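To begin, one chain is listed below as structure tokens, in the form predicted alone.
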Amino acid sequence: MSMKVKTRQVDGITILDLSGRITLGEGSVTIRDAVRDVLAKGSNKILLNLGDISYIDSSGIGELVSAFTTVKNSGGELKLLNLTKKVHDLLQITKLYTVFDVKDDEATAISSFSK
């Protein structure tokens, strides 16, 4: 199953609802392109909803870090929403859980962005 991205806007925040697998190749490229597209459109507050991500490999983790860095370097914020247990455990093991701002519900995540 390839990765799919749905984009929506809530209160000036761009939410990318991701589903499928984030793996080397298509999945990681899809995230990169989606984040760059959002930045190119002038929005730099991005919430990645990972609730429907079934699997993520090391290149997917690398792509999340890359997206985080790209957004941060453009003066924006990137946060993660709805981690599955597998993704949560993976971020804990790699100690990236402390790098990302992770939220469990959308309303809290949206209100946490700076205005």
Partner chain sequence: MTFKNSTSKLPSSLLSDVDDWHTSTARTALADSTTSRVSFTLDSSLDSVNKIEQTAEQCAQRAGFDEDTVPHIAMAVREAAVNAVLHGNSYDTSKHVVASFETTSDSLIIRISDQGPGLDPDKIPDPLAPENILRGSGRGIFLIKAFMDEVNFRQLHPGTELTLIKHRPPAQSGT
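Positions refer to the first chain, counted from 1. Fair warning: this is a prediction, and the values are worked out from it, not measured in the lab.
One more form of this protein, predicted together with the partner chain, exists but is not displayed; see below.
Interface residue remark: Thr23 is counted as part of the site for the partner chain in the predicted bound form, having a heavy atom within 4.5 Å.
When contacts are judged by a 4.5 Å heavy atom cut-off, Ile53 does not count as touching the partner chain in the predicted bound form. Although the partner is absent here, Ile93 is a contact residue: one of its heavy atoms lies within 4.5 angstroms of the partner chain in the predicted bound form. Not displayed here, the partner chain is approached by Ile61 to within 4.5 Å at the level of heavy atoms in the predicted bound form. Each of Asp57, Val65 and Thr69 places at least one heavy atom within 4.5 Å of the partner chain in the predicted bound form.
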